[in-house]
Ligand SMILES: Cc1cc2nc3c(=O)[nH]c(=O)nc-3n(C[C@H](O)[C@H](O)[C@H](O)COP(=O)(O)O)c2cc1C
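Here we start with a single chain on its own, the form predicted alone, put down as structure tokens.
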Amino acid sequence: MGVEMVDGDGLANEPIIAYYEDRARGGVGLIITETCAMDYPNGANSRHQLGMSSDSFIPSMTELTSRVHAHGAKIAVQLAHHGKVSRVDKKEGRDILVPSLTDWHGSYSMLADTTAEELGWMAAVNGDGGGKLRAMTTDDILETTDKFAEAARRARDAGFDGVEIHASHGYLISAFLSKQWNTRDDEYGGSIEQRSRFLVEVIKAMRASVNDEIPIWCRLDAKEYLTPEGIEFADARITAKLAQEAGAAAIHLSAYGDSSSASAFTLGTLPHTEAKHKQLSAQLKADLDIPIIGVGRINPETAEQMLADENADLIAMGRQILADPELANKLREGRPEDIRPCINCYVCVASPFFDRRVHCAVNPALGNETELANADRDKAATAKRVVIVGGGPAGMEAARVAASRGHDVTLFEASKQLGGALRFAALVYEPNARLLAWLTRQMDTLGVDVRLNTPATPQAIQALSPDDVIVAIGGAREASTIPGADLKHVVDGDDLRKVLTGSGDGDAKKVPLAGRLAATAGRRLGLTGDADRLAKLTKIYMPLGKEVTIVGGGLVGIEIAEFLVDRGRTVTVIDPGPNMAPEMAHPRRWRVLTDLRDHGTTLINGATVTTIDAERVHYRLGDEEADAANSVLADSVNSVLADSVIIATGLIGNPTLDSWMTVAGIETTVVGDASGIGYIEGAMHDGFHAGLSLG
């Protein structure tokens, strides 16, 4: 996975070595590096990726392999030429090598759901230095093959245990395998056998260059989604057999799609569904005599099942080991419940789109291993007595880090359950439930004194004589000023959260009596404490009508829409901005908005809600001030039917408790949404650093 940590010269530096060493220390069997440009900077996707284009790269790579080997892990380098997506070639004015020139260049459906700011960042990364696509000649192919072979020889000399040829994801070799991108009429085009010739020759040349001393294998696309004349699985099966015959030691099966499509990225490259390609890897395993590596959103439980079912021989994990580099050790020690879960938010892969260093919503150490690897477990020089106010993600993460470092931690939570806003987020998006379960378990495992249903009064806190107080009370919500917002069928996110999660009845006027009675019964029966069970129950009963309009299309509004569509509601989302959910990492946004539209959700951008009445939500399209100056537009108000309305706007920071406690003479550190809305990522990072700051 691209992590963009190199300084800009392709050489392995301390940050990237520390990043891989942290995963080796965590117990993985084999590390496959990020894509390494075999002809760096030619054919590179970023100046910040690894290179292997001359012997000058060997010393730093030797340091990398030595550091990984010291922890008992193996490491292979993934060699690639990025072909048509070689951003560096385009930006620096070089020819961009492709199999052939084609008329189709993608759908570019991603433009509609990408913010102007993001498009600007992408444009800056791609640049326009004059680099143009150029169809490769036979001599180009032979020269590139030799360069792959030389890079493999350098990998062996640097101590790598194997080489993976990246022949997927639209890169140069992958493009040769695709009928859409390869329209050649020579021996490298036409039938799938001939389109596979380049790959076969690269494998053979690499094996010869390393004298078969280390294994060579390749990563292939099982499919090329949303691409006319793209790679089909029947093609992949033939290519895989030819690769095996050429001497490939394994096949790492992935998938790809139209890189300009809003949804193809999450169909193929980083799938949004669990183990999406496992049936295809199973078929390939039945075809071949060499191992198949399965990949694509695979958690440990699914991995074990895939191995048992012979869907694959080895399991590769990317995002999950970004979230928790210790995953392998925790499994080996029989502690799967202690694995920090990936919440599939796509934050990690959003950054490389903009040529920025990778980061993770739930693992603040990612990309900062030189300073932060194991920092949350390094014992403090002096143990302190710490009080944390608020049991949401920021408060629990601060408690986890503080307790791990040896501090005596007491956590006050005014409600009957831990989780705060994360409990509702866990209900509307299942991966968040895993984070909630993990954080809650850490409180028990680390011996945090959790006091539920206990308001944090100054007297209660002063009685503990704390050395430090961390305030994590979550954000506040401004009351809506929309005329009609006080009607009984209009609720806000807090009302819905309180009823559905069992943290309170909400405003009695805002939730139907049946809903409040169901919530009360659920709490008494203990049904609302389990996010997974509650999510299933809400598919049977929800205190909302069938036609729901959500006012506010930010992250919260869109996740609520996703949740309601899955429960059979007809949903309309209205937002004044140009894009829905700009707070989401754009790959997840692309996926969610595509799915919502496919399920009939109406998404209305650039609209201001003017009034809400008993049956409809009224809104005006366009800029409100400009429209007011134009009497025709000002009178042109649209409306949508709604028997339930959810106000998903008005979230603000919550400085109240901080001010109150400062007046009471208690110094505090405010973290999470209380200091400004940062959602899960902001909460986790704030809590982590607050825990470290205790000394």
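Small disclaimer: the values here were computed from a predicted structure and weren't measured. One-based numbering along the sequence shown.
Only in words, not in the display: the form predicted in complex with the named molecule, which the text now covers.
- Among 379-387, 607-615, 263-271, 119-127, which stretch sits within 4.5 Å of the named molecule in the predicted bound form, heavy atoms only? Stretch with heavy atoms near the partner: 263-271.
- 169, 318 and 348 each touching the named molecule in the predicted bound form (heavy atom, 4.5 Å): Verified in the predicted bound form; spot residues all in contact, yes.
- Is residue 482 a contact residue for the named molecule in the predicted bound form, using a 4.5 Å heavy atom cut-off? Judged by the heavy-atom cut-off of 4.5 Å, residue 482 is well away from the named molecule in the predicted bound form.
- Message: Since only the chain is shown here, I'm wondering whether residue 35 would be in contact with the named molecule in the predicted bound form (any heavy atom pair within 4.5 Å).
- Response: Yes, contact at 4.5 Å.
- Although the named molecule is absent from this view, report whether residue 296 comes within 4.5 Å of it in the predicted bound form, heavy atoms only. Residue-level check for residue 296: yes, a contact with the named molecule.
- Task: Determine whether any heavy atom of residue 78 comes within 4.5 Å of a heavy atom of the named molecule in the predicted bound form, and answer yes or no.
- Result: Residue 78: yes, in contact with the named molecule in the predicted bound form.
- Would you mind picking the one in 144, 209, 254, 239 that has a heavy atom within 4.5 Å of the named molecule in the predicted bound form? Comparing distances to the named molecule in the predicted bound form, the residue within 4.5 Å is 254.
- Query: Out of 586, 498, 219, 400, which one falls within 4.5 Å of the named molecule in the predicted bound form, going by heavy atoms?
  - Reply: Of the listed residues, the single hit is 219.
- Item | Sequence-ordered residues of 1-31 touching the named molecule in the predicted bound form, heavy atom within 4.5 Å | Stretch hits, in order: 1, 2.
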